[in-house]
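Only one chain is given next, in structure tokens, and it is the form predicted alone.
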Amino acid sequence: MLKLDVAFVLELVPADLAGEHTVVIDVLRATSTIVAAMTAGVPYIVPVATVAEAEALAADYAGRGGCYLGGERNKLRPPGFDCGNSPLEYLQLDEEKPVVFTTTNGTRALKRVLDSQVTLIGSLGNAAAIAKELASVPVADEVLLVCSGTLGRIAAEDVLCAGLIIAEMQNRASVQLTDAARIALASYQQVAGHLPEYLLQTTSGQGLSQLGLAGDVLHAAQINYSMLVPRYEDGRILV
């Protein structure tokens, strides 16, 4: 029976992830943006930790076909970037170029799980696709759903996404849930009927709405619109 666990914040991720399958979740907004960008045809994304690192790498790409420079700090697009961290922006890209990407929490989460066997990118928008992929994981392995949170604090939207993935998994495979996984599942089931409204009420949802970005929250609340499963390998996110 496949074991499912959830880390509600990055600080709860075990030091040793060797042999584990991990799913990184940052609903508002990094992983929702990644799924949107790859759905729009971006060939791959290179996540980096800092704005300076992103700018340097983008300059390097300028000599070999170019890239989009995307990301955020304090929820806003850094000066000189092509895109912020809005999934709606990436759905409108007109060239299939790679993206160099840096965000406050999502890219930090990816660095935290570097030693896991497989790292997938999960959002509400591709939860069913993630579950379908995980259903083929050998039962001797373990799956850890990693909630990025917000600077060490639990983000409700990430926990709800973990709960949705768990619910989708239960429809596809025999699974064993840890207590954390049960909490995530129950949390999702409680608000499943009014998910967009709930996401707008979360701390991140309110912060984005105050900046005029409620559309990002509503897009991130869309369930299972994409069957893509982005995967983090060798410093790149690709499908």
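As the structure is a computational prediction, the values presented were derived from the model and not from experiment. From 1 onward, residues are counted along the sequence shown.
The next section is about a form of this same protein that is not shown, the form predicted together with a small molecule.
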{"query": "The small molecule contact at residue 37 in the model of the complex, heavy atom, 4.5 Å", "finding": "no"}
{"query": "4.5 angstroms heavy atom contact with the small molecule in the model of the complex for residue 85", "finding": "yes"}
{"query": "Non-hydrogen atom contact residue 28 with the small molecule in the model of the complex at 4.5 angstroms", "finding": "yes"}
{"query": "Contact of residue 208 with the small molecule in the model of the complex (heavy atom, 4.5 Å)", "finding": "yes"}
{"query": "Options 118 to 126, 162 to 170, 101 to 109, 134 to 142; stretch whose heavy atom lies within 4.5 Å of the small molecule in the model of the complex", "finding": "101 to 109"}
